[in-house]
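The data below hold one chain only, encoded as structure tokens and taken in the form predicted alone.
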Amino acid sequence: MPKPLEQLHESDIERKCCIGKVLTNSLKHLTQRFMDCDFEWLLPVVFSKSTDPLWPDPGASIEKRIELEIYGETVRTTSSMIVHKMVACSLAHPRLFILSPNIRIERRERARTGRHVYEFTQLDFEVRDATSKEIRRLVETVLSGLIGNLKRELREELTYLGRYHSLRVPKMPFREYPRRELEKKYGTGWERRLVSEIRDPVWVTDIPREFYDFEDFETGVWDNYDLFLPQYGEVLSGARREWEHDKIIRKMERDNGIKKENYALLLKLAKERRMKPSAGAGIGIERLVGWIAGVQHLGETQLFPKVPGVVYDL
């Protein structure tokens, strides 16, 4: 379990600083690459009426959803900016990215997995009229470039962390696995088996998920994709998006527990045909940096760890 900053010994501080350099250089490289590709860097949203329902995603493990009243209205803390970036991409910014703080109060038993924190940051991005394949190729190019850059610029730090020689620049294109094939091979526990066997990042496609991911009703195939890292699990979730009103409504009604009133503006824009086709993804920064640095717990990537079930003084 990660210790709070004030309890770290000198060697722990040195390790923390090396991880911090990996984080700094990763953010520098990622943001610059997206800006080089004509993305606009926008600011995040913390409170909103609309946020990701995280339902019926089977990977979600939420103990509590934070709601509060301001100015006579109920708002929620951001669990992801998916709705906001879909709207922004449709109405104003065809290529955008955001470093978005996410709050997901994970169940306490996830504290010792080492792969979960209850507050984290996503690099969220969206592209109007993009295909899923275009997004995957963009991600592959950016991440392969990132690893190569870090191995050139941070040889000393990666060596100290024991990752310089074991961290490989992934070859493109990354391997893709249809989710149905993984289920046939491994059963319902396919995620755990997959991440224990792979040696490089891989894509998994066609994952049943929330209403905003595009689904072909005739075939039942979802046009979405997750990127999995060896040992660390899913680091990116993305998809081509739904934009047609009647289809979104049908999916919301199918997913018991989705409150349409929480997505009133999205539905209004879709009904007015102001929503546009888009595709994008969100990259978990702590999990990406954790994999690069080889941490035992993602809380090590945070200056002030946010471990499920634990509340430190800072």
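Start at 1 and count along the sequence shown; that's the residue number. Because the structure is a prediction, the values reported are computed rather than measured.
Although not depicted, the form predicted in complex with aspartic acid (ASP) is the subject of the following passage.
Participant: For the chain seen here without its partner, which of 263-271, 244-252, 277-285, 22-30 has a heavy atom within 4.5 Å of aspartic acid (ASP) in the predicted complex?
Facilitator: In the other structure, the partner sits against 277-285.
Participant: Go through Ser237, Ser132, Thr77, Thr205 and name the one with a heavy atom inside 4.5 Å of aspartic acid (ASP) in the predicted complex.
Facilitator: By the 4.5 Å criterion, the partner-contacting residue is Ser237.
Participant: With aspartic acid (ASP) left out of view, which of Arg179, Arg209, His84, Arg163 would have a heavy atom within 4.5 Å of it in the predicted complex?
Facilitator: Residue within 4.5 Å of the partner: Arg209.
Participant: Applying a 4.5 Å heavy atom distance criterion, does Glu215 contact aspartic acid (ASP) in the predicted complex?
Facilitator: Answer no; every heavy atom of Glu215 is more than 4.5 Å from aspartic acid (ASP) in the predicted complex.
Participant: Indicate whether Arg136 is a 4.5 Å heavy atom neighbour of aspartic acid (ASP) in the predicted complex.
Facilitator: Looking in the predicted complex, residue contacts with aspartic acid (ASP) do not include Arg136, since no heavy atom lies within 4.5 Å.
Participant: Give a yes or no for Glu157: in the predicted complex, does one of its heavy atoms lie within 4.5 Å of a heavy atom belonging to aspartic acid (ASP)?
Facilitator: Taking the distances in the predicted complex, the answer for Glu157 is no, it never comes within 4.5 Å of aspartic acid (ASP).
Participant: Enumerate the residues of 91-130 that have a non-hydrogen atom within 4.5 Å of aspartic acid (ASP) in the predicted complex, in sequence order, or give none.
Facilitator: Arg104, Gln122, Asp124, in sequence order.
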